[in-house]
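A single chain, nothing else alongside it, follows as structure tokens in the form predicted on its own.
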């Protein structure tokens, strides 16, 4: 604290008296003590302004593209439709099969021949007749080797063991087949005459592409149930003679033979 000099106090009293602010009674001698600010005192720091957190602006969501919006609004396929869609092709195939008119091939000698071929012949000649261990049969190859039915039957009955050095037609492009040149053909005499005939007819129609009319008389022979069983070593001439004898007593077979001969096939 600092004491105020008397001359300053006197000067203050006079000034106040001149202004009529103070009476002259005894309080004038009293010394007024005015606190003085210390020169070394540091100014009081100003109160810190309250920190206001800045507001975070959220980015607006990205616009949905038209194709995404269309996909989201599109009706979804029910779950139960999945197994239905899975079985639709099978169902369509079954229905399609029932719409076809039944033919003799579906249940006759040609159908039986297809089953016999799959079991006994496809291993060597291929399921589609394309060949393998055995010679190719499809694309007309079997007819080029065996233009007539009886030699074809004899080859299946006899096999390689009971055949000469060559077999098949000499008019075939490249000449006759050489026995055993491409695998050995087993004898299928044990299958019975009917099974052999059915297999041969299937090969000629399916793989040889012969029209069914060309073998119509032989089909009738198979359907008659009168086909004999042939032993290994039988000749094509013997088979042909048996067939002609049977056909002579069957008007339908005779007519079919005449039609096939007129068409240039036998």
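Residue numbers count along the first chain shown, from 1. Nothing here was measured: the structure is a model prediction, and the numbers come from that model.
The same protein also exists as the form predicted together with heme C (HEC); that form is not shown, yet it is the one meant from here on.
- Between the options 88, 71, 178, 82, the residue in contact with heme C (HEC) in the model of the complex by a heavy atom within 4.5 angstroms is 178.
- Contact with heme C (HEC) in the model of the complex holds for none of 214, 221 and 246, as no heavy atom of theirs lies within 4.5 Å.
- Using a 4.5 angstroms limit between non-hydrogen atoms, residue 166 is distant from heme C (HEC) in the model of the complex.
- At a distance threshold of 4.5 angstroms between non-hydrogen atoms, residue 134 is in contact with heme C (HEC) in the model of the complex.
- Proximity of residue 110 to heme C (HEC) in the model of the complex: non-hydrogen atoms within 4.5 Å are absent; the residue sits far from the partner.
- Although the partner is absent here, residue 121 lies within 4.5 Å of heme C (HEC) in the model of the complex, judged by heavy atoms.
- Heavy atoms closer than or equal to 4.5 Å to heme C (HEC) in the model of the complex belong, across 166-189, to the residues 167, 172, 177, 178, 179, 180, 181, 182, 183, 184, 185, 186, 188, ordered by sequence position.
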